[in-house]
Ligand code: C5P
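Taking the form predicted alone, here's one chain by itself in structure tokens.
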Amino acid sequence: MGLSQQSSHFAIAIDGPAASGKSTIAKHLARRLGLVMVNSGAMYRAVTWKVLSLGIDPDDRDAIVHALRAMDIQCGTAGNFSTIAIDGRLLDEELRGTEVNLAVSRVAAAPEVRALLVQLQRDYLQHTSLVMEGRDICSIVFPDTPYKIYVDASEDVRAARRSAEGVTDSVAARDRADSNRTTAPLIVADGAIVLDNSDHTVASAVEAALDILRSQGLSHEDSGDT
């Protein structure tokens, strides 16, 4: 499934590895274009947080799937940003904990988790046009959107960014986990244009992303500002 055939809404899809700057670019694009920014990673982190809170081993797929069936996952918006709640608890700071960070790639590798969350991600398009960032947005969630960007940066730059954020996991290990998983691996999707964000400022990266989107056919009339 790509762009909804029953909706005039559209998706700007942004993929990239950890600490490439894709979330920051997506947030600024959403503000500039008057769209909703959806952080798909927060959805996987929310499920991971719940799995860990239940004492489930993040490698125990059967237990994860059993727990997933009982979860009430609510996806919404607040202003220009997506929100995620599980069983009535709105999650935010909990999603950035070390335990979640270390386990999220393993939980997200479960095909059942990805299938459910991909559908919830696509459901956003029934209500609004959006900028969505993640690791399989261009390739799996919205493969038919013409607006695709793959944000990358050198491993050294990305490791430094993670360290500055107080995160101690290995970007190389995260890259291997995301790129080598069987279900929806991280790839540069067909039609995606690579934006090397190693040396950009936030402002220049956003302008570069806008230039890419214009080259892919996005016009002012497509934005939420009109």
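Counting begins at 1, following the sequence as shown. Just so we're clear, the structure is a prediction, and the values are computed from it rather than from any experiment.
Unshown form predicted in complex with the named molecule; subsequent notes refer to it.
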Would Arg96 sit within 4.5 Å of the named molecule in the predicted complex, counting heavy atoms only?
-> yes
Can any non-hydrogen atom of Ser82 be found within 4.5 angstroms of the named molecule in the predicted complex?
-> no
Closest heavy atom of Arg161 to the named molecule in the predicted complex, within 4.5 Å or not?
-> no
Does Arg114 make contact with the named molecule in the predicted complex, using a 4.5 Å heavy atom cut-off?
-> yes
In the predicted complex, which of 33-41, 59-67, 190-198, 153-161 comes within 4.5 Å of the named molecule (heavy atoms)?
-> 33-41
For the heavy atom contacts within 4.5 Å of the named molecule in the predicted complex, list the residues of 112-138 involved, in sequence order.
-> Arg114, Glu133, Gly134, Arg135, Asp136, Ile137
